[in-house]
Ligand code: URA
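Here you get one chain, nothing else, as structure tokens; it is the form predicted alone.
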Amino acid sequence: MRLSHILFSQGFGTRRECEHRVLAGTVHIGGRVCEDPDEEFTTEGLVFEVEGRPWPFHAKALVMLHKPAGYECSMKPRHHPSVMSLLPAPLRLRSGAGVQPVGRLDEDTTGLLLLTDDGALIHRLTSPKHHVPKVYEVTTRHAISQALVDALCSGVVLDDAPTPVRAQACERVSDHHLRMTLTEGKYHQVKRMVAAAGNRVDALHRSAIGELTLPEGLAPGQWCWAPHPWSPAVAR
């Protein structure tokens, strides 16, 4: 792939801007200054530097963000900053469209948020038929009883649907810490389920999606590249 197109695909500006970056001598590969925008490179395993910043090539981006409270999972936020403001420009601009959140977390909910520019992956992770589990750490207002856990596992009725919804798994971690695993994505589902079972959510944190867990040491507001456990190669 041509070097200028590599930069464009990874979000380092328009095609013309990427050509100028190369011509200006700001791009390095393997410790060498690369000044020819038309030079061809194999992208597999490629790591390049732009203005001293190393960047691995990804045909499709998948990143994990530790979402802090006070941010909206929206490209056009209304009341709070967008989670997109926590990402570097290349992730927001790659291939001209950038990554987007996979599903949403409420403004006051923290934890693991995936972002990608892979449309097929977004569909797979958000479609109800795939039942991708999501794990939530729930801080409750009142002490957690076994009756609450049993109700969440057996199913509770929400006010907008007659069919009970249930947690795939639910355990009492401590008096006010509940760990729930859901495979659906209804509006405010965790909060509404806990309320329907007779308690209240004071804080909500998502710790895992499928095989991906929020890395230890990834502080609120920070992001990292994610492995792709749903790729065909991994599936085999």
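For clarity, every value in this text was computed on a predicted model and none was experimentally measured. Note that residue numbering follows the sequence shown and begins at 1.
Just so you know, the form predicted together with the named molecule exists too; it's not on screen, but the next bit is about it.
Using a 4.5 Å cutoff between non-hydrogen atoms, residue 188 counts as a contact of the named molecule in the predicted complex. The named molecule in the predicted complex comes within 4.5 Å of a heavy atom belonging to residue 136. Mapping the unseen interface onto this chain, residue 204 counts among the residues with a heavy atom inside 4.5 Å of the named molecule in the predicted complex. At a distance threshold of 4.5 angstroms between non-hydrogen atoms, residue 109 is in contact with the named molecule in the predicted complex. Note on the partner interface in the predicted complex: the residue among 156, 105, 93, 84 having a heavy atom within 4.5 angstroms of the named molecule is 105. With the named molecule omitted here, the record of contacts in the predicted complex names 190-198 of 40-48, 168-176, 190-198, 27-35, defined by a heavy atom within 4.5 Å.
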